[in-house]
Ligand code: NAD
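Only one chain is shown below, in structure tokens, and it's the form predicted alone.
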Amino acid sequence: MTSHQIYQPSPLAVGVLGFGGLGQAAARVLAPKTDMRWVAAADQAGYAYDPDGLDVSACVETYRQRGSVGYVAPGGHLSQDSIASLIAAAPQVQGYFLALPNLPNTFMASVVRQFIASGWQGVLVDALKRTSAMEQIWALRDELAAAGITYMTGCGATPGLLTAAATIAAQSYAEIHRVKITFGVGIANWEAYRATIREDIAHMPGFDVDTARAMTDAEVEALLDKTNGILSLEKMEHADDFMLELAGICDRDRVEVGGVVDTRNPKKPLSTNVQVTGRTFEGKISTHTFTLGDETSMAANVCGPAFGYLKAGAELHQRGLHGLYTAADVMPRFVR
């Protein structure tokens, strides 16, 4: 095998857990890929599996009309325990993107425990936001390694793409003084990303995970009416801090994350960027800034990196490297 060859089998059989706005976007991202084949999906009420590949349009239309991919024909199955049912029905799936809402805050860890208990071996990738949620995954790292699972955590946009950019930018400095991540998100209709918006609301003053989760759609609408559809978020509990501390870049208290979400306009209210300020070995203080193009959507900046890290995870798994990795630990592979 020459040095430039990829270690994993291709195409990789992958699944998406969660089929709300992010899960549907993930399926659309995968559709034209040749490195990966989208074969499995699950939501709260059912799952769909087809080893030859699922039809994106059919799954999205079925979900929107009937509320679950479990109604898709062929390959759909209704289930009260859809994730466990899918794992059992489709052991050939090599990797999953967990496009799941992390409400309550313990939910993602509970899903991971299901995979560990099932005996399935492969690659899992998430786009977790909260530090406290990622710390629960971190506590499972030895169990993941023993189970033969390669788990990539914090692999969306932030944490994820911007955390990785900060890790690279930090190399210019002898000491890191501050990492500041500022994001702008524009979506035309908040209902397309209900879980994501609720997670954002949970970061606002006077709210937490439990209160945001308990809000009805009407209560969310009322809140957005008060703010003209704008959510302004500052000093969020974001796992970029945990990931950068683990990577040895800086203490977590030097990392700050905030942003603005416009729930009524697809145009970004501001440009998403990360600023890394530090001192060089010559004693100069400087700041690197990495800015994402305004035309790239939240979905593009979350799902693209997630699958890039899933591909990297597949390579690690093929080499027998199991356990937990973050977006600051490895470089993603480009998914063709």
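Position 1 is the first residue in the sequence shown; the rest follow in order. Just so it is clear, the structure is predicted and the values come from calculations on it, not from any experiment.
Absent from the display: the form predicted in complex with ligand NAD. The rest refers to it.
192 is the sole member of 215, 231, 192, 170 with a non-hydrogen atom lying within 4.5 angstroms of ligand NAD in the predicted complex.
Comment: ligand NAD is not present in this chain, but in the predicted complex one of 99, 166, 239, 123 has a heavy atom within 4.5 Å of it, namely 99. Residues 35, 300 and 325 are none of them found to lie within 4.5 Å of ligand NAD in the predicted complex, as judged by heavy atom distances. Within 4.5 Å of some heavy atom of ligand NAD in the predicted complex lies at least one heavy atom of residue 196. Contact check for residue 157: a non-hydrogen atom falls within 4.5 Å of ligand NAD in the predicted complex. Although the partner is absent here, residue 107 is a contact residue: one of its heavy atoms lies within 4.5 angstroms of ligand NAD in the predicted complex. Contact between residue 44 and ligand NAD in the predicted complex is found at the 4.5 Å heavy atom cutoff.
Note that among 288-296, 270-278, 36-44, 49-57, the stretch whose heavy atoms approach ligand NAD to within 4.5 Å in the predicted complex is 36-44. The partner is not shown here, but in the predicted complex the stretch 112-145 reaches within 4.5 angstroms of ligand NAD through a heavy atom at 127, 128, 129.
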